[in-house]
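Below you will find one chain, with nothing else, as structure tokens; this is the form predicted alone, and questions on how it binds or moves follow later.
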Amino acid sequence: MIELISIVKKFGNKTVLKNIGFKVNAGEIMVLLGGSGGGKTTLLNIIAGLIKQDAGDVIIKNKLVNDVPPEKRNVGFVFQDYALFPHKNVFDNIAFGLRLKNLKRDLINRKVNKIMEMLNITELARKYIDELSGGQKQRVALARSIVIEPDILLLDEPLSALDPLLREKLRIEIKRIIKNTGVTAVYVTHNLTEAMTVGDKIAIFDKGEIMQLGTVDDVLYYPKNEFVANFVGANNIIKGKVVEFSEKEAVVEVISALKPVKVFVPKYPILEKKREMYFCIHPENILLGLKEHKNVLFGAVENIIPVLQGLRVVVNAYGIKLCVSVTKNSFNYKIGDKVWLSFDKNSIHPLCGKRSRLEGKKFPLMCIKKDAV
């Protein structure tokens, strides 16, 4: 439905998009995830035709649209600030795009009433924008973009202006609405939880490049490089080298440890004996105070950090600092206490250093866990 091929965009001497390429299939939601200044919004504007790329192609429904003006691309756009007309009521805001198409009044009324019913905003029809809450404005903006029956729906940080509780509720609702309409969508956010909730696929951006592209599970559990690992919270990163292979596993000697420490990992095809590389472990996959797995370390509690989900506990084990996620009720230690750590070998994943993964292509040396032997 959407294909981007080697998109490049420069503003002056600064390159903000560097050879961006991916496909979004019909009915899918692709999330562009990353911090500010990564080029995500610029890419949306290029897809919409609001900005012209310096190189590369935009293909929508198998048609090259590089020279097609925005109004003929049949793209809906939900802007970060909603871009609603304050002098028009809700009904007229939603009907705006339909009236530009010179549709008959009865047809416009039917379409607008149907979309308002779908989004549960029928009672707002005669209200003006300054009378609405943030969540209501978001629904109106979404209705205005969907009612024109676009081939593509673009959403630029649509929930960023809302409070956290409303954002959590609407991120689930917005995915349901998009899926019910069957529209193909590209959704920009800097929030990891939002990306995981909404997206079928995620492209993680940094400085105009795609660091990794894949399903939610691929990106979250099998990050390709240190940037992605830190971004998705797999921020226990250790450096080691393979010193031994067996039939199904490898032994890695941790280089940063103050004393000889070895950990067991699956026999990934990318591993080579004596080759130094980095590995990551999610904090959620480490057990605190238990020795239930083959990988067992001993250390001291160095820091305790309250988070919404409970506690993040930093343990120094032979110079290796590991962050562990625990619930507050299960934590019975204080800073300085000695403690055991353990984790399953399948929870440690190599960072293979590839900067992006384009659809339909594989790495020369696969490092995804499911491809390991």
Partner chain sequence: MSAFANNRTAVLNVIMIFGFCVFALLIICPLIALILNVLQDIASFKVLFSYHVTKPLVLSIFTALASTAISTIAGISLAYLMEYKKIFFRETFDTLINLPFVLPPSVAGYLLLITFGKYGLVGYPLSFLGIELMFSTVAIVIAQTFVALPFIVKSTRTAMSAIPSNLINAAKTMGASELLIFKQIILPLSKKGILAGIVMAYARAIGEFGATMMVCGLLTTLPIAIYTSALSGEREVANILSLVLISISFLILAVFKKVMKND
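Positions refer to the first chain, counted from 1. Computed from a prediction, not measured in an experiment: that's the story for all the values here.
What follows is about the form predicted in complex with its partner chain, which we do not show.
Participant: Could you tell me which stretch in 301-309, 58-66, 42-50, 27-35 has residues with non-hydrogen atoms within 4.5 Å of its partner chain in the predicted complex?
Facilitator: The contacting stretch is 42-50.
Participant: Heavy atoms within 4.5 Å of its partner chain in the predicted complex: does P260 have any?
Facilitator: Close contact is absent here: in the predicted complex, P260 is far from its partner chain, nothing within 4.5 Å, heavy atoms only.
Participant: Can you tell me whether F245 touches its partner chain? I mean in the predicted complex, with a 4.5 angstroms heavy atom cut-off.
Facilitator: F245: no contact with its partner chain in the predicted complex.
Participant: Is it the case that K88, even though its partner is missing from this view, gets within 4.5 Å of its partner chain in the predicted complex, heavy atoms only?
Facilitator: Result yes; K88 sits at the interface with its partner chain in the predicted complex.
Participant: Indicate whether its partner chain has at least one heavy atom within 4.5 Å of a heavy atom of I148 in the predicted complex.
Facilitator: Contact with its partner chain, yes.
Participant: Out of G208, P158, G214, G97, which one falls within 4.5 Å of its partner chain in the predicted complex, going by heavy atoms?
Facilitator: Of G208, P158, G214, G97, the residue with a heavy atom within 4.5 Å of its partner chain in the predicted complex is G97.
Participant: Work out which of I172, L107, A83, L290 lies within 4.5 Å of its partner chain in the predicted complex, going by heavy atoms.
Facilitator: None of the other options qualify; the answer is A83.
Participant: Heavy atom within 4.5 Å of its partner chain in the predicted complex: which residues of 63-84 qualify?
Facilitator: The stretch 63-84, when checked against its partner chain in the predicted complex, contributes P70, E71, V75, F77, F79, D81, A83, L84 at the 4.5 Å heavy-atom cut-off.
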